[in-house]
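Before any questions on how it binds or moves, here is one chain, the form predicted alone, in structure tokens.
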Amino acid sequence: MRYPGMAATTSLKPIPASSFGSARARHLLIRAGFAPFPDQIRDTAALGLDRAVDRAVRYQQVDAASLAGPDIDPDVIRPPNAEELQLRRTDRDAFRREVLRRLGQDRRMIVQLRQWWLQRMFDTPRPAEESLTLLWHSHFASRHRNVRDTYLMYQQNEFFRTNANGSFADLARGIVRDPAMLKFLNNDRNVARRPNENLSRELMELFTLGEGHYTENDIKQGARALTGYHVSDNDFVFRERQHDDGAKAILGRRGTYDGDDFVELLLRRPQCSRYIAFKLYRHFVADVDDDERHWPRDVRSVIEQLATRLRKSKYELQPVLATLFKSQHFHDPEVVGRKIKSPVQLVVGTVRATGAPTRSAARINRAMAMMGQELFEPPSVAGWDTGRAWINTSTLFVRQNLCTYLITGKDPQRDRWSRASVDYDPMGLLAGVDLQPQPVVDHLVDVLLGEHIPPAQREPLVRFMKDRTSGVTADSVIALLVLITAMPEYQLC
């Protein structure tokens, strides 16, 4: 796992406004969201540091009304109606066929929902909104395979999006009332006479405090507090008769706590702000290890500073993110270009940065599953791992082939293709660029890899373009894009 080196500054003071040029604008855009659209780097640099960060963090100021919603039927999975209950009594086989039909319809809907979210990430003018939604989807992870209700997964996705840059406290309060999470962790079966500990355990271990900052008794008492937090069709319901209203001892405090009280006790713990600061740092800054004993000193210092700011802001995320994105640490050379792209960052960033047309959603989703990140199917309640977990000999092969497919529309292992069959004109990427090999390479490397890439790594690309007898054409630029996206540096952001 690669971390910022010990030379990285730990300062969260802002960089000088005068130093915010195209390189730092690109770094902000790709880390706060995904790789930028063509020309977005120049436009963001022109805004200046304060306005650029404000636009990224307080993205509600950017109009996103044109983004379409998904076509999701909330009643595909629902309690049986009176007619179906009668059918269950009179013809169990027919009833079972109807249940299986609905489950099949729901499986098709989750495929459509996956495609919808990916397309939204391709198109959104508010990329930080989707990046944060993805963060909370992995942090508060639940899987369609267990929930088996696409509408509940969509409802949860919208909950994350609505609160993505708001208050982490609101996210924590809402997740214990989220129907998808309650079903995923079996809290819809958590009753006073037989408490279920799943949600209580994950609420502390994975959602608020981190491993080792609670006891087994805290888990048992927390489970009692969460009794009666159930689901009715698509909605949360509190079943008072199933709730244990007796006194509970949680984290050294005693009271007749319910689930909402339990969350408040967790939010008051200093460790909660520290744990969430770590999650923000890992998502936006560096691929740090889950085990804080492995954190370098500079990483530990920055996470502690972010935690302090989280507590002071009462878990409001916008001021903390604004501080981070302006900071000397965030823009330090030891941070820039050293974070491994997740499959989502790779796919979405390639489409946005090149302006390539949207390819087959089914093929992209299959490749993303092979790379280890299938939307709405995190591997466990712990969410997705990060960093080098994304890269091995198998996934690297898929990553490179997928980038070629996104640019050309052709699978390099299966499809025969010629320029005439490629439905993409990349010349718009070179507006205002001198159409000679060196400036073309420099421009595309700066956009796709970053200005920190040294001349020695650019030179083979320049030689490649000089060897094209036809000069700088759509054909040669497409080939150049394929070469750039196959470079090891393209796996980093």
Partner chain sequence: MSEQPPFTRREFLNTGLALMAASASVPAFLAHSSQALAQSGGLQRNAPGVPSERVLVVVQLSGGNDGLNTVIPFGDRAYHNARPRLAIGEDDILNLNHRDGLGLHPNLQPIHDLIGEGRCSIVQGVGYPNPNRSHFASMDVWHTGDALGGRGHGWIGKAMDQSAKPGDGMPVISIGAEAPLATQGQRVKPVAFESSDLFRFAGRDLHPAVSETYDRLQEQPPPAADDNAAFIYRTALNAQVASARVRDAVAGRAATSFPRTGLGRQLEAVAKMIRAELPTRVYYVALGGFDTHANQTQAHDRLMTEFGAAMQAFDRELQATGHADRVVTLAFSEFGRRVAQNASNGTDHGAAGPMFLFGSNLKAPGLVGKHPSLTKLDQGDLIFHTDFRQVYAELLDGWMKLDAAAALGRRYPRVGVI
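Residue numbers count along the first chain shown, from 1. Because the structure is a prediction, the values reported are computed rather than measured.
Unshown form predicted in complex with the partner chain; subsequent notes refer to it.
Taking non-hydrogen atoms only, Asp261 never approaches the partner chain to within 4.5 angstroms in the predicted complex. Taking the partner from the other structure, the partner chain in the predicted complex has no heavy atom within 4.5 Å of any heavy atom of Glu316. At the 4.5 Å threshold, heavy atoms of Ala68 stay clear of the partner chain in the predicted complex, well away from it. Using a 4.5 angstroms threshold between heavy atoms, Arg338 counts as touching the partner chain in the predicted complex. By the 4.5 Å heavy atom rule, the three marked residues Asp73, Ile77 and Gln156 all fail to count as contacting the partner chain in the predicted complex. Between the options Arg96, Arg239, Arg300, Arg268, the residue in contact with the partner chain in the predicted complex by a heavy atom within 4.5 angstroms is Arg96. Note on the partner interface in the predicted complex: the residue among Gln305, Gln400, Ser138, Thr124 having a heavy atom within 4.5 angstroms of the partner chain is Gln400. Residues within 4.5 angstroms of the partner chain in the predicted complex, judged by any non-hydrogen atom, belong to 392-400 and to none of the other stretches in 249-257, 162-170, 392-400, 113-121. Contact annotation for 477-491: residues with any non-hydrogen atom within 4.5 angstroms of the partner chain in the predicted complex are Ala479, Val482, Leu483, Ala486, Met487, Pro488, Glu489, Gln491, listed in sequence order.
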